[in-house]
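Next up: a single chain in structure tokens, the form predicted on its own.
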């Protein structure tokens, strides 16, 4: 469904150039849940931006359903670490934004929005404003807003990174329920190795900048997965050890500044 062919991205800052990502090669199947992990600044978010058509690569090509991505990719939805909710709109008003862009009438918008608000567990909060919600609830609104637009693929850039550990587990479980129900393709960027293993069919490990994929690891854990207890299984430990061996050198060099 998505094909990265030797993709590279260079940035120019204050008269200097640097490569954020280099020679990315990756194939993603329809309906797959793939997680991406690596050191800060290794190009993970840049790869999502290029897949969404927000940036153009300086080398290589990205293909979506066989067509090269050369402009904004309207088949994907994008959820960032910041919730980006409109503070003057209620929960249902925020979820309706994409439906308004599509030109749906008021009654149809309300019907569709209500369905996704219930899906993310916020029924009864339709008339609340973002400032009246907790951080976790705001994330749920952002997820409902993206789903209501009905993109084929969900691009998720550390969406749960700012939440506490317990709330992250709850939202991971909710996301997997929604993924099972909607059969969306998901590319999920995270700094949390346990989160990457818990959620993903495969985990792509990025090297330090310029980021390239140094390992793609299959996660052969049965589904549905118990986000609260799966990390205590032997298979989880084996995958964790393999991925940490690939990651630790990158993170050690990042910390000591090598």
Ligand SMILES: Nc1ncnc2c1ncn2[C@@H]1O[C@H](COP(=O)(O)OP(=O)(O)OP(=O)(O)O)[C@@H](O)[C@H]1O
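Quick caveat: nothing in here was measured; it's all calculated off a predicted structure. Residue numbers count along the first chain shown, from 1.
There is another form of the same protein, the form predicted together with the named molecule; it is not shown, and what comes next is about it.
- The named molecule in the predicted bound form comes within 4.5 Å of no heavy atom belonging to residue 215.
- The closest heavy atom approach of residue 45 to the named molecule in the predicted bound form falls within 4.5 Å.
- Shown alone here, residue 55 lies within 4.5 Å of the named molecule in the predicted bound form, counting heavy atoms only.
- The named molecule is not drawn, but in the predicted bound form it has no heavy atom within 4.5 Å of residue 110.
- In plain terms, the part of the chain that comes close to the named molecule in the predicted bound form, with a heavy atom within 4.5 Å, is 34 to 42 out of 34 to 42, 223 to 231, 63 to 71, 193 to 201.
- Checked against the named molecule in the predicted bound form, the candidates 81, 182, 114, 90 yield a single residue with a heavy atom inside 4.5 Å, and that residue is 81.
- Scanning 152, 177, 126, 158 against the named molecule in the predicted bound form with a 4.5 Å heavy atom cut-off leaves one residue, 158.
- Of all the residues from 117 to 156, none has a non-hydrogen atom no more than 4.5 Å from the named molecule in the predicted bound form.
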